[in-house]
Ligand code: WTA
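One chain is shown next in structure tokens, namely the form predicted alone.
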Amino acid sequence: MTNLGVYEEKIKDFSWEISERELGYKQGDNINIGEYCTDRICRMGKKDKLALIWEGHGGDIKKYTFDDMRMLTNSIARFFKELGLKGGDRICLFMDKIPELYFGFLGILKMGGIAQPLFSAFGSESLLTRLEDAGTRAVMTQKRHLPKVRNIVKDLPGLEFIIVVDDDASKPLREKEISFSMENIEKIDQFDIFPSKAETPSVLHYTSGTTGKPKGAQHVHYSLISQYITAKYVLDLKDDDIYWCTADPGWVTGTSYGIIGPWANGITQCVLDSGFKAESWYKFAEKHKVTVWYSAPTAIRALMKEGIDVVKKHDLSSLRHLCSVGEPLNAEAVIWSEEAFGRPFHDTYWQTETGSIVISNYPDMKVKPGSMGKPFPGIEATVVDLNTHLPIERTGTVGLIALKPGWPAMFRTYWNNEEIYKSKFKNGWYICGDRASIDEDGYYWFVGRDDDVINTGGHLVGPFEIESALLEHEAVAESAVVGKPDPVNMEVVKAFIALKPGFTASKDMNLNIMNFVRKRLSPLAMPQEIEFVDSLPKTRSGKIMRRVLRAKEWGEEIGDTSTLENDEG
């Protein structure tokens, strides 16, 4: 029996109060995500239950019970308070998937801070943009990422503390830098948890936009109500599960469903802190007897490339439920997973801004390979006309995915950018920015992004940020960045570049520019292909028309070019 049961029956009588009751929350109560994921679970008699099984690059394994986690998050919370950090301060987590990242996140929430997780592969410039925008007061990081922080500290006068979690005193730390050891810190049994309310800010996740700087989506502690119940119903988490979410907490999946959702349900989860390799992933799932697996289509397609024979070398009979997230799951991957694992991957759809799953394929519901599934109970969804933003009644017609505001995990604003936040709402709907159609059975079918944001391996990359970095290269006069189709990553970054006089296109120039972007931003943002051009298509007002370049890459109709500056029509 699944937690959700029959979808059609559940949507009739569902309300978010079901989640509130199960969590023991009443309107007006204090609600602190850090407390609900640790202390509350211990009070339920699960203090000796494993909360985290962590495995590092060299096969090193660490295990923590819920009581270990409760005390370590208390200790981290007190450490922050003793530094002088207080409620509302933005504290950045800039680490690999080590235990300190997971416990640091909950520790920040326990003392009232706003957790700002950032992907550890970000370069100095990507880091600077986000820390500057957030007015971040402290960064928690590792020695291996410390040089990136040191590169920008002079440009961040508001950054007061750089906490190094694995300092071994081999080299002296600099001003503002503080050594921290989670293993050696005094374990705190009692900590006065910050009395956060439903609307108290909790997490600040940065998402890339089409134009301008990345935007900080601000979430609140009440998001727990959505994250708890969606983890229970969609991921079907049960008390005896061993759950594996492969997402990095630098992205929203890694926090909503790699920290909050499973631990609010009192579930044991395991984390593998190493790069992707099919053999090591299967070994990990076999060794720890993973039962529920939440991953990304990019990883699934990479596993497909390795073939079925590798799967058969491992005993993966413990797997009972598979889900995917981050980008559309193509039908071939669903069919392949049934052949490889004896069960399909269930696609789930949501965004940084939605905070929790809003459309999904459910355990007891027929999977239509290639479909996103149906709206989560409690979520009112539709597709709206591209121009009028009114709901489209006709099935099969493509429109923009739209959600009725009011679900608990919905973001509350963009940090310091209320104007752009308000622009996301039209005619009483939150417009997701993705195009889809709805079939006669109520299933949603993804069509594509409605803007220029590039979805590479499930990570959204904004062209503006890459173009800005490219223009800092000494040889680049103009640049335009678009997504190009890719069989594994869905899209990869392609850059069109016009060089300054005196510079010549060459293989060396190509590699030089690629590495320049990789170091400044991240490997995700690095162009996988560069095409050198004499000029870029522009409107008469001088705006680069990315859609013309994108249409060529995707084999689409270019459409109206009457506004092009060199168009004679």
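Sequential numbering from 1, following the sequence displayed. Note that the coordinates shown come from a computational prediction; the quantities given were computed from them, not determined experimentally.
Omitted from view is the form predicted in complex with this ligand, to which the following refers.
- The closest heavy atom approach of Thr207 to this ligand in the model of the complex falls within 4.5 Å.
- Shown alone here, Phe376 lies farther than 4.5 Å from this ligand in the model of the complex, counting heavy atoms only.
- Contact annotation: Thr255 falls outside 4.5 Å of this ligand in the model of the complex, judged by heavy atom distances.
- Residue contact check for Trp407: none of its heavy atoms lie within 4.5 Å of this ligand in the model of the complex.
- Of the stretches 352-360, 381-389, 99-107, 137-145, only 352-360 has residues with a heavy atom within 4.5 Å of this ligand in the model of the complex.
- When you look in the model of the complex, the only residue of Thr348, Thr73, Gln227, Gln269 with a non-hydrogen atom within 4.5 Å of this ligand is Thr348.
- Among Asp248, Asp236, Asp89, Glu327, the residue placing a heavy atom within 4.5 Å of this ligand in the model of the complex is Glu327.
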